Every structure is written in C-alpha cells, then in structure tokens.
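One chain is shown next in structure tokens, namely the form predicted alone.
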Amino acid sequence: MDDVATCAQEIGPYLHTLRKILSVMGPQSSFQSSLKTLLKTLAEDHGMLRPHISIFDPETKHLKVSLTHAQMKNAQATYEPGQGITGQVFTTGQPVVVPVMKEHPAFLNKAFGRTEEELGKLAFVCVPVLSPNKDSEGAQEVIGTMSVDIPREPVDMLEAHCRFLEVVAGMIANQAAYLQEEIARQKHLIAQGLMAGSSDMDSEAPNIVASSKPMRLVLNQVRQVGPSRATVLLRGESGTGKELFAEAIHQASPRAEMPLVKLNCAALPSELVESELFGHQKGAFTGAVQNKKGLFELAHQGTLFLDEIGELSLSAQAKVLRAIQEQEIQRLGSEQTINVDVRVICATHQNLEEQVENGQFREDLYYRINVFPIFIPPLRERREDILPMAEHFLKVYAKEYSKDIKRVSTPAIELLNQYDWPGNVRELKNCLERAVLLCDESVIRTYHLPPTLQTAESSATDTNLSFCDAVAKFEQELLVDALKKAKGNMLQAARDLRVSYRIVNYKVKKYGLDAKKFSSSGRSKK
C-alpha cells in the first residue's frame, strides 16, 4: 500500500498537468496559442526552464526553435540534423537526458546563452515530436523536438520527466504538424513579397474576442489574406463585427501604417456617395464651392473599407469597378485622371448573388470584389464566444462608468447562452452596457439584463411560484455566486455572505450543490 501511495504521489502532478493540457488543446483554440499555453504550463507546474519546441523545415533541412516560453539570445537559432543534442534526437528519434549540461561534449548553447554557472547547475531533456500520420511501413516521421532545462536532480527523476515529456510530445503531434505547415506558408508569402519577415506567428487581432472554432477559422483567413493586396468581401448579418475584421485585415497588411478610410454606403443618399468616394471640382454641381478630395484619394497607399456595398447605385458601382481594376479615378466635374493605390475591403449583409440576378448589382463588380470572401457566422451559431465577449464588455463598461463589477452570475450566464441574439455582437454589447448601468453591486444578475432576455422563471417573477420558492431561487443564486468567488471554500463563502458556516453547509446540502466543483476551476488557475 505504501508503494501504491508513493506512486500516486509521484504521478499526481503529471496527471494534473496532462488534464490542463487536454483542456487547452481542443478545437476551439488556435494551435499556436495552445502550444504556448502548454510551454507555460510546463514552466509553472514543474519548474521546467526554457521549454521550447523546434520544428524541422523540409526546405532548408534545418531545425529551428519555433516556439518558446523564455527569452532567447538568438531568435533565429537553427540546428542541422545530428548537430548537438537537439539534432541527435531529431536524427535518431530517441529522447536524450543530459544530467549536467556542462559535462556533455555534444551540448550546444545556441538559443538561450546560458551562463557557465547555469550550465553546471542544470540538466537538459529533449524528446522527439512525431508526425501524427504513419507511412506505408507504419513508421512515424520525426517533425521536431521538445526540450526543457531542469535543475539538477537524480537520474531516475530526470528519466521520469523524460517519460512525461514523451507523453506530452505525443499529445501535441497535430499542433506541431500545423506549426510546420504555418512556417512553410509564411516563408512562401515572404518569398512572394506578400508578407514582411517576422518571427511572431500569433499576431491575432487584439480587439477581437474569439474562442469558438468558426471564429478561429475566420481569424486564420484574416491572417492569410492580410499580407496581400487582394480585395476582400466580408459577409455576415448586421452586428457581427465586419468593421472590426476589416481593421484586423488592414493591421495585418504592409499598409498598416497608412490610413484606413471607411464609408457606410447606406448612410448617404445615392447622389452624394459618388462625390464622397471620388471627390469633385469646384462648380461641379450646386453647392460645390471648392475642390474636394474623395475617399479613394484620401486612402492612397492605404485601405478603403466600403460597408454595405450592396446599397451603391449602378452608376457608382461602375466607377468603383474602374477604380479597383485600373487604379485610377476622376473627380466629379473633372476630366483629369488621378492614379490611386488603394486596397479595397467590402462588406455586406445582403444576398449579392440574388441582387446580380435581379440586375441590382453589377456582375463584373461582384466577381471583382469577391476575390477572397470571408463569412462571419452569427452569434447564435458560435455560442462559445458569448461568455468571453460578455466578460470583455463587462470590463470595458465597468471601467468606463467607474463601477466595481467583477463578473456575471451563473443564472445570468445561462440567459445569455439561451438567447438567440438577432442583433448579434452589437446587441450583446448594448445588453452588457445596460446591465452595468443598472447594476449597483459586484455581480451582474438576471434582473439587470434587458426584458427581451428575461423569462418569468429566470427572474423569479413567475406567478406560479410561491413566495418561499421565489426566495429559495434567489437564495440559491447568491450561494452559487459566493462559492464561485471563494473557489469552493464554504468557510470563506460564509464570511462573504455574513452568515455562519453551519447555515452555508446546510444550504449547500439542501440545494444539492457540490462545493468541490467550484474549487477545481480555482486550482487550475494557480
């Protein structure tokens, strides 16, 4: 029994880490952020120093340190197969444990510039990362390595760390394969002059909150098209955030330092849209008292975002088509041609194909702007994004209105998740702003949400509920919130609620709550 207890004690931390890794390796996470979180977990949970992943580049035939959770002295460190410990592991496909770095003749110190003192105090463990696919003979190709520094320990402990890292390396096979493909894609874009060379592979739009798989796919499309000058058509219902994605595409392009000019084509009468887009000469029409530059000129060498392009008149469509194709415009009332270098991003919530069939939208313009279409799904089809966005808007408006609101209650979260959100992200944003304005405590509750979200049952106003049932429902909500805040600690929850521990314990049993459920999330964050 003692041996079993000792074994459980030894593998317990490893199992805990594996559970954490599995929770971040799901399809809702991008492969770069998943791998970075993994390296951070190894460092924080096991004291592993400088955890890093090196990926093999088939074109250059070199291994390159691609992701790390440590400062690197040489960000471009590469290894030839067979060179140093990392190269040996890649060539042989076998892990290597170096008990003391300084004593191993093949150990290289390329990437991190460790001091002589560190080399004498640290061990090094390197394991192969295998391809998730097998060849015709059933063998798996080595596509990279995963390495860590560890403070000197007995050899048997280092061997245990090595076996654990082999398990982790097997879990990240798919993500590592994607990373290898991403390296090849970025090199291809750089070679074609479509992307500036950069070692940052996770430059996702900072203003976009996306946790769901559909939105991760959209962000990946943004990263792919951003470095080019291709025309982009953003499609999706009103309120899905098309303007934010236009900004993200602009920021991901070589034109990021140049202006991003925006026009909502539905906001102006058709007779004024052409003047706004192309400018006019003095005297071109009544009221044209001076020369005016159009948005195409103002966006020269930058990006022009045309929202609701389906609202343009046929006359304006013809001129936009010429501007995109020929990169030249004419101001109203002028015969002079002006050359412009503008990347155009369009957006619409309308069915352009139907408009083309009905003669309301030019077919040639449709094909010209539909070079790289991106569909942004409505919020009801990506419910995993509702809570992260709600928390984001809560922070924004709590700060704006100087309110100390920490979170959204569990029943309120359930209401947010159940609602269909016909107004999409814009409606969610307005909902949270209203809730923050109404809230005079530290938690957003169901009765702070708009009436469109509330039901009689959720707000405890159902006339079929007795007074005692309504009070019990509200009491249960307060208890759940207190346990969440206290991370399952019932004694702390009692202090926060200003009641005795005995009462909290009684109520927890009465409502069938599991306090341990609230402590697990707290432990995973430590």
Ligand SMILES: Nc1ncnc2c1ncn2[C@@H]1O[C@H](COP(=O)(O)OP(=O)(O)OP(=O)(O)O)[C@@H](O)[C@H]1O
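Throughout, we count residues from 1 along the sequence that is shown. Values in this document were obtained by computation on a predicted structure and should not be read as measured data.
The protein also exists as the form predicted together with the named molecule; that form is not presented, and the subsequent description refers to it.
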Worksheet entry | R407: touches the named molecule in the predicted bound form, heavy atom cutoff 4.5 angstroms | no
Worksheet entry | R426: touches the named molecule in the predicted bound form, heavy atom cutoff 4.5 angstroms | yes
Practice prompt. Check whether V209 has any heavy atom within 4.5 Å of a heavy atom of the named molecule in the predicted bound form, and answer yes or no.
Written response: yes
Practice prompt. Could you confirm whether A184 comes within 4.5 Å of the named molecule in the predicted bound form, counting heavy atoms only?
Written response: no
Practice prompt. Report the stretch among 289 to 297, 385 to 393, 90 to 98, 117 to 125 that approaches the named molecule in the predicted bound form to within 4.5 Å, counting heavy atoms only.
Written response: 385 to 393
Worksheet entry | Listed residue that, although the named molecule is not shown, lies within 4.5 Å of it in the predicted bound form (heavy atoms), from T303, T240, T145, S253 | T240
Item to complete: Go through E274, E166, E311, D307 and name the one with a heavy atom inside 4.5 Å of the named molecule in the predicted bound form.
Response: D307
